[in-house]
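First, one chain by itself in structure tokens, the form predicted alone.
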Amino acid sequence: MNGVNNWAMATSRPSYIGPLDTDAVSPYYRQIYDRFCDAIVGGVLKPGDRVPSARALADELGLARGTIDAAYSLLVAEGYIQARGQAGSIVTPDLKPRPSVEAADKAPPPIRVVANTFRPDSIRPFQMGLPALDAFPRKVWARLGARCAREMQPSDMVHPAVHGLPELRSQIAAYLQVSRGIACTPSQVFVTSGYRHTLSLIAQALLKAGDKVWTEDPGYPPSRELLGHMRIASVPVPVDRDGMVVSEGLREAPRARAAIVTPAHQSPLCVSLSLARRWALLDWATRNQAWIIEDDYDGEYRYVSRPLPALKSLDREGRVLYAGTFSKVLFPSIRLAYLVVPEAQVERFEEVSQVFAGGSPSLTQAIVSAFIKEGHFARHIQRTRKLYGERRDATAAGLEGVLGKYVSVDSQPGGMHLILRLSARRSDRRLVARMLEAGLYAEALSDWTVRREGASALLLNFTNVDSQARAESLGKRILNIMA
């Protein structure tokens, strides 16, 4: 039995963990994650080797169990380790051996999931990416689900359509025409299993290794990570109060093949892309035969006025691909999103979908289709838009009342999270790590930023904070952590 397998019986911590840096900006769970990655890549831990249990490692390092769980969740998500239930966790058996020194010198640096992409499968206060779960009409959903299950025919039990259920594609096209001003046919709508699948599909169809793509800075980290894995260069373009600074993109990479933007509510700053910038972006794409990927992840949730029309609604040259999702408006575990492609690209996307898409469950698609067709979807959006406006105000007031000495809350026209700017040069990453250890959730604005160090800030989802009193109670927990 090797040293790793003997770990549970050893009295000293494994050499690949080593002492953690208490002064580092990187949180503890990130440091642990990095140490394991280095040990696996370096051959210290080999495929099939057991890794310490989370409980044992927490006791050894004197850390909260949640800190170790966070690190292990990232390792599992990246494919470094596999959880085997009561049998413990092991290094993934089929991991490829470490490349030779010569090959490593030529290979691009490994790409790792950054801390802010870890979102637990539990429900924590302020957890990003979650709609108001208490406001979802579960009884309506259950009734529709039971009906769709009863009506299933043998033809519904074969492999799902890779482009999406025809009825759902029709319902999405009709909804977008009314709510987002997008004129499209059902054949232009492709149902996917989430934003990452959507972006992967676009990259496979329209991009190639070595291409350059504008991404917002700060911006949604998984976009950069996915592009990096496909060897597509991400070009960070700064964002100001009017959204992506198109002139900076033109200066940095005028011949880029695509731009990924969040025009309705920039992710994460929640500013809207100005009309002048929209026209400038469309003009650039038309002149350079480039693509614009519009990620409209929560465009329905604007509180100061009616939702803005989609950038796609201004597209006259067929350069915009519109990405929407049901995760933010229904619930994340539904794993359904959609993509609207230019009419001239329909055949290309049909070909690529046949190769790379597995198809989402037909029963789930049927339920969503009925949910939209019978008007429940539109009513749910209207109710939650009003509810979120109230909860945003209550959460901001509650947190400012308790934390006003240490934070300021950005004024935002829409979105599903608050931005709390930290005073006194306090590290947002360090505070996020401590909040995670205390059972709370937050994401650090620093982790969303590439080229420049912005002000420290916390990103906090407010959709599941149901009252100002609840916000004040949570604010006191944060205050105790900051003390």
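From 1 onward, residues are counted along the sequence shown. Everything quoted here is computed from the prediction, not taken from an experiment.
The discussion below concerns the form predicted in complex with another copy of the chain, not included here.
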Among 390 to 398, 308 to 316, 281 to 289, 349 to 357, the region lying within 4.5 Å of another copy of the chain in the predicted complex by heavy atom distance: 349 to 357
Wondering, does Val162 line up within 4.5 Å of another copy of the chain in the predicted complex on heavy atoms? yes
Exercise: Ala233 in contact with another copy of the chain in the predicted complex, heavy atom 4.5 Å: no
Examine Glu167 and determine whether its closest non-hydrogen atom to another copy of the chain in the predicted complex is within 4.5 angstroms. no
Tell me, yes or no, whether Ser333 is in contact with another copy of the chain in the predicted complex, where a contact means a heavy atom of each within 4.5 Å. yes
Could you work out which of Gln204, Gln345, Ser73, Thr92 is the residue within 4.5 angstroms of another copy of the chain in the predicted complex, going by heavy atoms? Gln204
Exactly one residue in Gln412, Thr364, Ser187, Gln171 has a non-hydrogen atom within 4.5 Å of another copy of the chain in the predicted complex; which is it? Thr364
Within 304 to 328, the residues having any heavy atom within 4.5 Å of another copy of the chain in the predicted complex are Ser327
